[in-house]
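Take a look at this single chain, the form predicted alone, given in structure tokens.
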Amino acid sequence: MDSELVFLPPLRRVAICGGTHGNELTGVHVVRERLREEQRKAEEEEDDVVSVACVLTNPRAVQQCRRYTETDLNRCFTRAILSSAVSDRTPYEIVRSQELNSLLGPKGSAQAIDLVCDLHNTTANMGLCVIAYSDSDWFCLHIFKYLQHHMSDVPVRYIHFDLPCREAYSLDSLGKHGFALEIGPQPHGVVRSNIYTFMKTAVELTLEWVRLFNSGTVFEGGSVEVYTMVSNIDYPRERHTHNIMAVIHPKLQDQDFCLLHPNDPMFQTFSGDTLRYKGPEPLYAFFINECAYYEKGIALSLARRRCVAIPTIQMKSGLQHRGEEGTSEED
């Protein structure tokens, strides 16, 4: 794999999106700052290497500083929802998802934008994560490798949600290629300077990588670590009221991406008892005690870690044969 050279088409159109969840403020302010910069540079020569669109995706939720106004926008991008009929009673976020599909998609079409990068915060202690639906999208994996190489002050990891395109539910699935940049810990409704700086740097490096790729730079292959999500675990709950009966155990709290072994402490009941992990195999825990996931019945997620070999890539020019385009998300 290391010696293989794969030619891929250029990424001419990129979208940087923030505010998909209106109280995750890092992405909101990164996008707002980029929009201000675009206005200041309006008189300058246009970038002929890549066209970058900055999108504030859920303006109503941003205005109210809420995750969403009626339903979670970042669960509204399945093909079924995008093709559904709308009326005066349709939740705002479903209407907005179809507007964004028209702007950035249509999803799964040749007209879709080349790359979507959606910016998110988590209250979990996860550092910076690239989250994507593919473990064989060479663009996403090479951008992750580039971020990991250049950002030594924060851990950078790649999370793979193993879902087919039809079932992919988040905004980044609208593009030909896409991923979320998730960074934490940061409370919702708050902006922390260090988290903002990390996210802004990650966006700048992503666009730097795209410009280099579109200019013909060869990116060497290698091996990267990928965390593939296996399952979610809910809090222990009372049978009749469905109220939670326990919290994340103090030995697990803030230990995102630790290897959770069978019989390790996982929850602590309100009466002080320890409940242990009963899974059949060791798995890596992440999104531990994420604030927004209480309503979704998720206390933490579990993943397997493995190494993925990625090839050397270069932008395809007119000299390369059409059959050398290599792996894409649709593959």
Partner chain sequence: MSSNHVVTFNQARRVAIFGGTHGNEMSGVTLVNLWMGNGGEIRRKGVETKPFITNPKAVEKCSRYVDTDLNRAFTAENLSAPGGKDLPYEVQRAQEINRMFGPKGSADAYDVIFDLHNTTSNMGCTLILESSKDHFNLQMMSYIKKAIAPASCPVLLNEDPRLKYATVRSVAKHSVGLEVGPQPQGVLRSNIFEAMRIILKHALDFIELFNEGVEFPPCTVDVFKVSERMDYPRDANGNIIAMVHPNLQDCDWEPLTPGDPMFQTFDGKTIPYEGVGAVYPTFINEAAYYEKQQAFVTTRREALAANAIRKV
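Numbering follows the first chain given and starts at 1. This is a predicted model, so every value here is computed, not measured.
Keep in mind the form predicted together with the partner chain is missing from the figure; the text below concerns it.
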Among I81, L163, V190, V154, which has at least one heavy atom within 4.5 Å of the partner chain in the predicted bound form?
V190
From the list R306, R32, R60, R276, which entry has a heavy atom within 4.5 Å of the partner chain in the predicted bound form?
R32
Please check if T123 has a heavy atom lying within 4.5 Å of any heavy atom of the partner chain in the predicted bound form.
yes
Would you check, heavy atoms only and a 4.5 Å threshold, whether C291 touches the partner chain in the predicted bound form?
yes
Residue-level contact is defined here as any heavy atom of the residue lying within 4.5 Å of the partner chain in the predicted bound form; does S301 satisfy this criterion?
no
Check Y196 for me: does it contact the partner chain in the predicted bound form (non-hydrogen atoms, 4.5 angstroms)?
yes
What I'd like checked is whether I244, H249 and Q268 together line the partner chain in the predicted bound form, meaning each has a non-hydrogen atom within 4.5 Å of it.
yes
For the interface check, one of 206-214, 144-152, 181-189, 93-101 should have non-hydrogen atoms within 4.5 Å of the partner chain in the predicted bound form; which one?
181-189
